[in-house]
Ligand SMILES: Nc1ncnc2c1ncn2[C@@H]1O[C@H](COP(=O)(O)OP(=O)(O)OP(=O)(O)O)[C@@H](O)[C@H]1O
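Take a look at this one chain, the form predicted alone, written out in structure tokens.
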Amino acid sequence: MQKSQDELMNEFSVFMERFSAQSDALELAYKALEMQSEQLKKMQEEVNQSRVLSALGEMAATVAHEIGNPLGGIGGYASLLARGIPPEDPKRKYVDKIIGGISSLNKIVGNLLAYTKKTHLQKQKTDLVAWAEAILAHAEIEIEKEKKKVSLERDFPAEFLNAEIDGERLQQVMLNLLINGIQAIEVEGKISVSIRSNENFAEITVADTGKGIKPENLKNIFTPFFTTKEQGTGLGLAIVKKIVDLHEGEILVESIPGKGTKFCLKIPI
């Protein structure tokens, strides 16, 4: 029996509905597969990073042991030499350079250990405004040492803003960002620090009017051992990111060459 046109149209409509439903299901399955692929890729990157950190940790411990003691001895003898040489003696500058070099090497070893060793946070309820004020006092001392005309501007909430943080570890982050900002300003400028609450996060911003970061370098600034400074170790901002990640937070950066750089920390309240 031949089907009528209406029956054929109904069957075709049902078929198209089923086809559309299957198509939607396939699209959802494809998106889920894409998400799983991204998650697997991220997990693989984390595993690789963990392996690198483990290898670096072993290397750092070896380096600290192998050169730490000799450096201590060299530093001790250099200090004794410095005591016996008057400041006006031309030979004194060579001894001072030795002492400065030893200090730099000790800093490199210390930063390497800080980046590679396992860190356990000691969180406690902290008033971020009082915490930031104490850190800015340290920054003011650094400005005096650098002999620059750098003003510190504050934009803090009038009321308390508490967060569960490891104040000492996060202080490392702030001091690193502030010192970087001071060093980025050649002669005169300002550093603005703001704290505000945004839903479930505290946003801490550090912005300077320094020389800025080139776009091609911006994506690498948190990569271990990447640096554009002559005396840099390339570990300062890597440690910053590690500490922020341990707080389950986020760090964002914006920079315009010749105008300045802004870092924004998002820390869960």
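What you see is a predicted model, and the numbers here were worked out from it, not measured in a lab. The first residue of the shown sequence is 1; numbering continues from there.
Another form, the form predicted in complex with the named molecule, is not on view; read the next lines as being about it.
Contact check for residue 111: a heavy atom falls within 4.5 Å of the named molecule in the model of the complex. The shortest heavy atom separation between residue 152 and the named molecule in the model of the complex exceeds 4.5 Å.
Interface membership of residue 99, defined by any non-hydrogen atom within 4.5 Å of the named molecule in the model of the complex, is ruled out. In the model of the complex, the named molecule lies within 4.5 Å of some heavy atom of residue 213. With the partner removed from view, the residue among 192, 197, 126, 183 that has a non-hydrogen atom within 4.5 Å of the named molecule in the model of the complex turns out to be 183.
With the partner removed from view, the residue among 138, 148, 92, 107 that has a non-hydrogen atom within 4.5 Å of the named molecule in the model of the complex turns out to be 107. Of the candidate stretches 219-227, 35-43, 22-30, 197-205, only 219-227 contains residues with a heavy atom within 4.5 Å of the named molecule in the model of the complex.
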